[in-house]
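Below you will find one chain, with nothing else, as structure tokens; this is the form predicted on its own, and questions on how it binds or moves follow later.
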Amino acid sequence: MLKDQFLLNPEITFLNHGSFGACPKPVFEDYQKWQMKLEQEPIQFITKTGVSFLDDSKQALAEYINCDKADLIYTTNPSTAMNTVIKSLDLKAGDEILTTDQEYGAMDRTWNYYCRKVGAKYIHQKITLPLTNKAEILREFWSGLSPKTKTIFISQITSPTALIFPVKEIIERAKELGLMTIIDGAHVPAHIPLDLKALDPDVYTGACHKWMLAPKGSSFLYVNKQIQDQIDPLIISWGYEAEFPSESRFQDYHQYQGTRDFSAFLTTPAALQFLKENDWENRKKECRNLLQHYYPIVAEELESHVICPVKDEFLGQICSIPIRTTRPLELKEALYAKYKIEIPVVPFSGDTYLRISFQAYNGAAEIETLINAIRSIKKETNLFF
């Protein structure tokens, strides 16, 4: 375990890396270094030196996820990235966006907002749980296709149910159909392999501050060159009609927006170096093995079941278990207040899930702590039924 390398409170059993991530000490120190440089000479940093450092950081990220750095911009979070894209789409009344019934709530709200403005439809295609195989996911998803479908939107790893969806196959068919593909990969970078050139989506967003271990407020938006001119800036600032335009209007419009602290964006090289120095591929494998061992055990303790085959095809370092409770907020508070366990209890689409994240600072002892807490709550309260 690497718990001593993180700033997390050692008194808390932290099983919620998936929500906001956790930053290692060396990466956080790098973050503070950039903030100090900004404060020491803000004019030079914001207009000159910081811009150069940002370019270096973008290059490091581009190499890691295999794309051209000119096709990337940094954003504070995937929600900002998706708002930038969705607001730019030329949606018409009756157009349909095909998605699943397991998408992130903020994204559902974003799509609903923009669709209602023009009369478009956001189609939630049901994916039956438990999952059985990839072919069945694809069959169910594409059964929602209609002549009015214009855009495909899907998570590569779902937030509420923590499942890996077959986005490569979905992108390939969407291309055959002439449909735009927009992929929410918030949980993907440094969690499961990501190769954007191989995947070839039209739009992809991912968080650096989750599994890649950067400080909070560092994410990216990738847009394929062929459609970059269609994407308007979310905020109009100095990059629009720039006095000294770069070779990329996409970069000018979206990356430079005046006064803001972009120090978190600059930590990507340090975060990637931390992963390299700590043998992260093997660390991730250990976490997946731990997850696959304990997933059915915890599910049984909760008198529940796993929601997919327990293998790498469907699971990374995070899993969700359906639970029976009518008081999810009270249950979450009890786990934290009495047992010092930070873990999400997620009401979603009429069900409730306990979602467990396994990161390199977690070990078997912490999962046993959760199991013991579940036993105690079942015995002493009626929070479960």
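Note that this is a predicted model, so its numbers are computed, not measured. Numbering starts at 1 and follows the sequence shown.
Another form, the form predicted in complex with a small molecule, is not on view; read the next lines as being about it.
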Check your understanding: Of these, 150 to 158, 299 to 307, 93 to 101, 196 to 204, which stretch puts a heavy atom within 4.5 angstroms of the small molecule in the model of the complex?
Key -> 150 to 158
Review point. With a 4.5 Å heavy atom cut-off, would you call P189 a contact of the small molecule in the model of the complex?
Key: no
Review point. Hey, in the model of the complex, does M107 get a heavy atom within 4.5 angstroms of the small molecule?
Key: yes
Check your understanding: Does any heavy atom of S376 come within 4.5 Å of a heavy atom of the small molecule in the model of the complex?
Key -> no
Review point. Does P78 reach the small molecule in the model of the complex if we count a contact as any heavy atom within 4.5 Å?
Key: yes
Review point. Within 4.5 Å of the small molecule in the model of the complex: all of D71, P233 and H254, by heavy atom?
Key: no
